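Take a look at this one chain, the form predicted on its own, written out in structure tokens.
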């Protein structure tokens, strides 16, 4: 199944090369209970999810899961909300992490906790800090499935050529900046990218044990205002400004393709340091022609690393489905998150295995042994402190918050005042939160 780590590192959540064999998803068997599963996986990830479906369908004779692609997350969510609570709703629905607040309060889903209790299922082998994101007031609302987190990537060969030591496991902003300055001295060019992206800001904030919004990051009760115009928020913006002012920072802007451009710039050697999803490691390893370094997310000097908020997506159960459909859907979810299936899913896609027992399997042990840098993202997740900051913010206005903070980051890169931009972003986010709460009747 897993013989060469090249198969593992050639895969990622975007731009995947064809390694997983094409799978054939068969039409529903009339003798079985059909389970409709809406998902947003494309390319290699779609093949990987269809492999899980086929494995489940072949493992028993009572149920037939039918996977149906519904577009990217931003396209699939409105589709679900338009049919949720009706007979047209799918039985299972995959959605990204920032839709958790909206879906959990929609009245259209059956909390996973209800099924866990009904079918006496134990979540003890599922990673706790991933479960925490989808847990509200002690109740798990959806089943974690494809999870990732941000890390810092750097070009070890470029560091060596510039006489720079490898970065430590948990580097500081100051160490990253010092390396960026030496790289510029050596090459004459800026070699660091801090992409203006709301997700990046959220993660850097959480790594300082600072919540994004009030009321325990919206988890004790509904959040009413943003809380990032403070020392932690300013640490991030001042770090960005320091590098922009020093000419060590490359700005790829906030456009739709900025992330892809940044990723390509790293693998082609145009930049030597950037932050990106752990699920991009396969793509980077496949395309980079140099030795890669992977560290935890950076933190300000004198601040202990708090850890990261989980990203990716989970699977939701529609409300109002028959007992037979519910049971079949839950059987599939148990299968999809089992140690064996999650190990292969991680190999096929680059996402974390959400089942802790997956890391005891031979294929993942071999992967980590052959390519030690694969361990850094997993170790960072293990070292993450469990608190309000690392659980992530629970607000419906998350997409708007990301626009507000990324605009502030971009403006600071372009010379605007840190205090003014951070204040403006926080005020706008608070306004967006209040508007979303009013629309939801909260």
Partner chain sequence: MKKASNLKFRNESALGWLLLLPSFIILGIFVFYPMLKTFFLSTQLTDLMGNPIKFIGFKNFSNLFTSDSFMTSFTITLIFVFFSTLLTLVMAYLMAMSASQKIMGIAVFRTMFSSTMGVSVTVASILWLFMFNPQIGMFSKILTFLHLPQINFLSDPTWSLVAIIGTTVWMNLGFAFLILLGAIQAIPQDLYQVADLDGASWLMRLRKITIPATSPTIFFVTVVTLINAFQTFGQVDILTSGGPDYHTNLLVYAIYQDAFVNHSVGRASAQSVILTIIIMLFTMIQFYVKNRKGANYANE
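Numbering follows the first chain given and starts at 1. All values reported here derive from a predicted model rather than from experimental measurement.
Another form exists, predicted in complex with the partner chain; not displayed. Remarks below refer to it.
Undergrad: Are 81, 399 and 407 jointly within 4.5 Å of the partner chain in the predicted bound form, each by at least one heavy atom?
TA: Yes: each residue has a heavy atom within 4.5 Å of the partner.
Undergrad: Check whether residue 110 has any heavy atom within 4.5 Å of a heavy atom of the partner chain in the predicted bound form, and answer yes or no.
TA: Answer no; every heavy atom of residue 110 is more than 4.5 Å from the partner chain in the predicted bound form.
Undergrad: Residue 190 versus the partner chain, in the predicted bound form: is there a non-hydrogen atom within 4.5 Å?
TA: Yes, residue 190 lies within 4.5 Å of the partner chain in the predicted bound form.
Undergrad: Does at least one non-hydrogen atom of residue 271 fall within 4.5 angstroms of the partner chain in the predicted bound form?
TA: Contact with the partner chain, yes.
Undergrad: Does at least one non-hydrogen atom of residue 255 fall within 4.5 angstroms of the partner chain in the predicted bound form?
TA: Yes - in the predicted bound form, heavy atoms of residue 255 and the partner chain come within 4.5 Å of each other.
Undergrad: Of 288, 265, 131, 136, which one comes within 4.5 Å of the partner chain in the predicted bound form, counting heavy atoms only?
TA: Comparing distances to the partner chain in the predicted bound form, the residue within 4.5 Å is 265.
Undergrad: Would you mind picking the one in 74, 178, 246, 161 that has a heavy atom within 4.5 Å of the partner chain in the predicted bound form?
TA: Answer to the contact question: 74.
Undergrad: Partner absent here, but in the predicted bound form, which of 226-234, 331-339, 85-93, 101-109 has residues with a heavy atom within 4.5 Å of the partner chain?
TA: Contact-bearing stretch, as computed: 101-109.
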